[in-house]
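One chain comes next, on its own, written out as structure tokens in the form predicted alone.
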Amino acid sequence: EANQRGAKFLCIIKLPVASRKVNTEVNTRKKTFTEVQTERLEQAERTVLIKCPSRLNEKKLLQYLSSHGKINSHFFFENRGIHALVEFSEKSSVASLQDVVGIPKAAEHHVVPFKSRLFTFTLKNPVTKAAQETPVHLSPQSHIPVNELIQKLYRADSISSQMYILLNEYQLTEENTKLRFLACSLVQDFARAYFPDSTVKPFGSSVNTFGKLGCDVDMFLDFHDTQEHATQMKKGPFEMEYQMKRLPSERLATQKILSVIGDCLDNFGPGCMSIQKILNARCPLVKFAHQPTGFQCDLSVSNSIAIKSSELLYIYGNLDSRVRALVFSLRCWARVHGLTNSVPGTWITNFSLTMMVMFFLQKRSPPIIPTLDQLKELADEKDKHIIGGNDCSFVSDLSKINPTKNTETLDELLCDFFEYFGNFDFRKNSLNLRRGKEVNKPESSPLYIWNPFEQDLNISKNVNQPQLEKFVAMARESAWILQKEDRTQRMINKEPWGLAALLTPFGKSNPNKMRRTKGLGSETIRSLLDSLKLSNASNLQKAVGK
């Protein structure tokens, strides 16, 4: 019943991008994570980004570009002016266009003569052509504010429907995904000036199916293809190898590579702004704003385990439509109530919260998603990966994973998530996603979530006791609201209900609500709930802009 209702509703509101892809491959198989990434990266290399005048003749622009080759797709978006992303069928079309594009005159500023795939399109006779210019359709690149979302949730017929509406409004669109891969491809053009065989690939939320419109782009510089090439060349009676600079550690090599590329983007990269080189972090990186696409970007060097984490979440996100709907709803709930934040700190991160959801889904009866150990059992030879001594093997072919027999509704899952973690013994137990079991904590961190691959690491080590208690208190309050609310009466009174009630700061729609603290635990939790009255209004405002 859960899946039937969800599927019916999805058809009405517009099927999510990932679901549309799945349906086209129903009779064959779903694409693997690697296949999707390879296809997207190749697509990005055939793509250009053009800054356009505010009003233009779309047909004439496409007609001009088509003289250089067939156009596969295009869209327009707003970011400090109108931009057009245009994907050609052949990479040679990009080179053909670059051959005829002019270099800006250096009347006031001297230009760096780097020929990128970023262009500016202007009309020579804007006055005479004005009559033909019409506004173009703009593809949204950010999600709607929370208060607008809540208005949409009023009109749904169930909490499950509300959760699918939220998913549809917040998930990455096809257009936004293309833009993310293009941003990586444009940085790759610079990296290849130094390292011709390198690639720049996105990881994390941009590719794991849990990315929200507006989230940062995590990208990494990969030399994996270069290493494979070197291994192949060692076959035969002779051995030839490049003379290369030798450094005392891989970390130092990473720091030097990122330092140079950071300088290159800073000095010569069109639209690359606010470059920060954070080279002494556990994972050295370069942060920068990419103005043409509007993304905040983090560039690091090959992080194979982070890629495996992205692939694992990609698999979980594609196994059952309820997985992503639950994660998106809980992330939005956590942000509204100040349980997560866009800056580092002592609060729960989106990644940790997502892993808590995955653990919860592994614990259902029957489980909705398999444990990592179960995925490892399904792996064949090509799926076996040992990275830095850590076993990162698991099946990549989704068709080998049996669908769940669990038929619980999203209504039930949401309420049970709050019940489960509102009563979880965090003092004693930790969350182990490899085994799908609660195990004794190996150390005294308030929240302990085992890294699925680096088993000696706690991915939630940053979380302190007050933040964990705040999470527990909000989970209990949310469970109480869902169990006790009179949905029909709230609809008649035009009050928020279901998910909409959870996304309204507690105490705002009903000031007496926050007095219900009996049975919520310690005095610390009670005082935290009181403090939430003061902070939640500003937290909602912050959430609206994220």
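Everything numeric in this text was worked out from a predicted model, so none of it was measured. The first residue of the shown sequence is 1; numbering continues from there.
One more form of this protein, predicted together with a small molecule, exists but is not displayed; see below.
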**Item:** Site check Cys215, Ala306 and Ser309: each within 4.5 Å of the small molecule in the predicted bound form by heavy atom
**Value:** yes
**Prompt:** Does at least one non-hydrogen atom of Leu326 fall within 4.5 angstroms of the small molecule in the predicted bound form?
**Reply:** no
**Prompt:** Using 4.5 Å between non-hydrogen atoms, is Ser445 touching the small molecule in the predicted bound form?
**Reply:** no
**Message:** Against the small molecule in the predicted bound form, would Phe203 count as a contact residue? Criterion: heavy atoms within 4.5 Å.
**Reply:** yes
**Contact flag, Asn350 vs the small molecule in the predicted bound form, heavy atom cut 4.5 Å** = yes
**Request:** Note which of His385, Lys470, Arg476, Arg331 lies within 4.5 Å of the small molecule in the predicted bound form, where distance is taken over heavy atoms; exactly one does.
**Result:** Arg331
**Prompt:** in the predicted bound form, which of the listed residues (Asn390, Thr371, Asn208, Ser185) lies with a heavy atom within 4.5 Å of the small molecule?
**Reply:** Asn208
**Prompt:** Among 164-172, 375-383, 350-358, 318-326, which stretch sits within 4.5 Å of the small molecule in the predicted bound form, heavy atoms only?
**Reply:** 350-358
